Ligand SMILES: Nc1c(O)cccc1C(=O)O
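The chain below stands alone, shown as structure tokens; this is the form predicted alone.
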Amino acid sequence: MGIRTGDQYIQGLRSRQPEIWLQGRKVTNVCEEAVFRQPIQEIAKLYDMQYDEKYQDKITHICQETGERVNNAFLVAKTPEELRAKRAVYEAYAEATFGLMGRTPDFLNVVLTSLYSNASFLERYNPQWAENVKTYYKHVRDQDLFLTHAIINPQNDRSKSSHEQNDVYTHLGTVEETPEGLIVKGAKMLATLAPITDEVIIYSFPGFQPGDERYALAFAIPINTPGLRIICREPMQDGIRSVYDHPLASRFEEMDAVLVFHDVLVPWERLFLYNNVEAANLLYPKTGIGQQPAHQSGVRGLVKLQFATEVAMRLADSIGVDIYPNVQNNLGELAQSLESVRALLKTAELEYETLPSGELMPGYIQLETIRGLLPKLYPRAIEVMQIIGAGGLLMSPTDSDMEHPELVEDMEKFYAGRKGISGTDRVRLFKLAWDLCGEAFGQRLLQYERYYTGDPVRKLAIFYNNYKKSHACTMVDDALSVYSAKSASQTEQVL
């Protein structure tokens, strides 16, 4: 089939009935549920971009294997041009959502492509696992499916490994083997956008210990598989707020969910790894499923940081405070942060690594540096926005106030900004900023940026240890060599 339209994506959602729980009730029609309605439309727009003449040749390509047009996220890049073609889809989707939707379809399609192109790793443990990954990649590519994933265990007792929890099936694990497949039970999180996706792929961060064999799992199943329960978090918006009052929260809410598996059957052909602690611990470093999607998340993070920086700049300009050195200093800091991330991305694409398969992978050091910086840079951008907006962020009237005949004059007189900025313009801008820096929606975006890539402390420690191994500190040796030279000179004088 190749690329889908937005309408085909929506029809796919309508054709299924996954078990979705939202605020204590089952959702019977996900497309008509207020909380999901607008986010579904935003994802549909991304699918429609594939048919838009403005984007089609930039974000899709003709698959040599099938002859069908497919998304660039499925491209196994073998040349710098193909690497840039992948970046093009990341940019297009991020810009269409202002970087506020972190799990657009391209993200997990990149993960799956990386598993596919490095399936030789799985082949060493079980040739069938490798074959399953390759088949599944083609299925998702050719049907243009939208995946969610759940790779974290519930936050129960983090001081204990999975097999040491009070209940053996607190974390997702194998129950038994059957002729049809594997029966699994337990829970995983954090499945972003799960209610409005087609399928879910399961795998885990490294960290398995001896005794955790039953939890060493990787597989993919349809989101409506019997026994799979989707428990949504409390919504950050109710789905009926006006776009005027909440221009971001009303459109880009990414629902997160815990996935609970009640004796779910995973067909053998959908199984990619199980009962092997060593393979599970090496899955990330050996298949590139951490590094390749870091390219997508780096581009998305850049767009999100740019959006926040632009909002902060416009806030300052709208009320005339960017003439003050302290405000200029804060905004200059954000601008330099933004350009630093942009430069790191370009360098990562120039200093790529060529894998044995011939696939290109953007530079590890640059991508991991972005991952280490964004959890600090984005919160700082939000803080600067809050400082600039100050009390004005708390005082915005509603759409109904702005349009009421008795209030119109007051709205324009007392809510106006500097010369040339009307009351309507300033209120709209401050509402945009409040959605980003004050609303629950914005706080979720902040928390997401801090933890979307995992524990930032642990990640930075891993980065340092890898950096230390690859850097011999030869400059220090050169500086210390003066002592060897001095000692040799003294020896010559004695002789």
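Throughout, we count residues from 1 along the sequence that is shown. Everything numeric here is computed off the predicted structure, so don't read it as measured data.
There is also a form predicted together with the named molecule; it is not shown, and the following applies to it.
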{"item": "Joint contact, 111, 203 and 453 to the named molecule in the model of the complex, by non-hydrogen atom at 4.5 Å", "value": "yes"}
{"item": "Partner contact for residue 388 in the model of the complex: the named molecule, 4.5 angstroms, heavy atom", "value": "no"}
{"item": "4.5 Å heavy atom contact, residue 61 to the named molecule in the model of the complex", "value": "no"}
{"item": "Touches the named molecule in the model of the complex: residue 103 (any heavy atom, 4.5 Å)", "value": "yes"}
{"item": "Residue 107, heavy atom within 4.5 angstroms of the named molecule in the model of the complex", "value": "yes"}
{"item": "One residue of 195, 301, 173, 293 in contact with the named molecule, assessed in the model of the complex (non-hydrogen atom, 4.5 angstroms)", "value": "293"}
{"item": "Listed residue that, although the named molecule is not shown, lies within 4.5 Å of it in the model of the complex (heavy atoms), from 96, 416, 360, 151", "value": "151"}
{"item": "Stretch in contact in the model of the complex with the named molecule, which is absent here, among 136-144, 274-282, 345-353, 203-211 (heavy atoms within 4.5 Å)", "value": "203-211"}
